[in-house]
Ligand SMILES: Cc1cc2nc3c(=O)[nH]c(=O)nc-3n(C[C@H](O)[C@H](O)[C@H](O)COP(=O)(O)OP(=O)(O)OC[C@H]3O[C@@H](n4cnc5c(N)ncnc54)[C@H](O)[C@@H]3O)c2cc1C
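First, one chain by itself in structure tokens, the form predicted alone.
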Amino acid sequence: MQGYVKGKPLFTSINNTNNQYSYLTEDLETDVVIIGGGVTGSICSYYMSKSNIKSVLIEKGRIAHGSTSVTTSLLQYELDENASELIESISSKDIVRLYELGLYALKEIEKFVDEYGNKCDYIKRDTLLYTSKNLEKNSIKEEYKFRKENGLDVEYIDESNNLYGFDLKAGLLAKKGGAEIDPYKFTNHLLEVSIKEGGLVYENTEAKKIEYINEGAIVHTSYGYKIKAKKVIVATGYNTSLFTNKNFGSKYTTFNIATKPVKEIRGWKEGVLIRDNSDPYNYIRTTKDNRLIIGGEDIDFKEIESEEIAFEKYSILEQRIKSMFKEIDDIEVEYKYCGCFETTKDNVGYIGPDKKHNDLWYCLGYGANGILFAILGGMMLSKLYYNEKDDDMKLFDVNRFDN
């Protein structure tokens, strides 16, 4: 199996990652076992604890050191592709609903921060979808009209009212349409709250085998200890081979660079989160300590081992950010890293039960909205535990492409 992360990720490098969790040393029985200790698993753990559901989370490596360490955590309600490009895979009504759910998930993160404190460098942001190409102006205009007609708070920008320091032919500004966080800090804060509510968390504890029983399952771990649970939640991201041979989506390698802190961020109005309309697209954000992060340049996942391709992609990203922000004269790259990214044809993740094993549930935040999908998953699955099905869960149906 190829590694899912390469290079030196920013967030596990700048934070004190000595925060260690114990490994499993006894057999346990619980309501729910969550497999995967990244941001998705931690979100599930939080919502289970909040709903008085006993949970045990296990992570085969270190908490938040897998795919979570390479996410830029540039959060926005929109999907990877514009509505006009998705219409063959998903209805207009469902696209609007997914936008609304994205906004709802953003508010959930804000509620968490308001209640438990801002330990994850959370900042609410506007988001900008833009193009520097005349040929793509109509695409931006169509997306603007679609959102405006469906009641979303958006503003159209062109060269006549461009307040940004870079070339922009057309842009769509989504007001309060996003947020940025530190994913490592967010994961650990969620688990801190969960543990206080009785949740158990173990790292360096790998699930080796799932034994399905009449009601629930037994998870056999790497040290021979077992966890008996009524439900198993798969929050393992892109590695699902232990649970199913289903091909959930298309895997890519996505590349990121992060700069050293710059003295002053100029030409970047109010730290807006930026995504261009290209294919593959780039996404750009700042950090609390004045770093710039740019990611994208996705390629087929099997190329993740190629140092030559990685060097080329990092160079492209560096040149792009320097050419966009010419007013910032002290841009110096400090971190370069890449990781796996998986998306589906409708840009939506998977939440809900397995077709074969009803006590095996998935929470897979595929696509650029992974963290927001995980928030929705945590809420929906904690309801499902009490046999309350959320109507919106059909949008994330695990079996929706099985024809």
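Keep in mind the model is a prediction, meaning the values are calculated, not measured. In case it trips you up, residue 1 is the first one in the sequence shown, and so on.
The form predicted together with the named molecule exists for this protein as well; it is not shown, and the discussion that follows is about that form.
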*Do all of 71, 256 and 370 end up near the named molecule in the predicted bound form, with near meaning a heavy atom within 4.5 Å?*
yes
*Here the chain is shown alone; which of 348, 32, 35, 376 has a heavy atom within 4.5 Å of the named molecule in the predicted bound form?*
35
_Within 4.5 Å, heavy atoms only: does residue 237 come near the named molecule in the predicted bound form?_
yes
*asked:* So, residue 60 and the named molecule: in the predicted bound form, are they within 4.5 Å at any heavy atom pair?
replied: yes
*Check whether residue 44 has any heavy atom within 4.5 Å of a heavy atom of the named molecule in the predicted bound form, and answer yes or no.*
no
*Is residue 343 close enough to touch the named molecule in the predicted bound form, meaning at least one heavy atom pair within 4.5 Å?*
no
*Name the stretch: of 100 to 108, 206 to 214, 80 to 88, 317 to 325, exactly one has residues whose heavy atoms fall within 4.5 Å of the named molecule in the predicted bound form.*
206 to 214
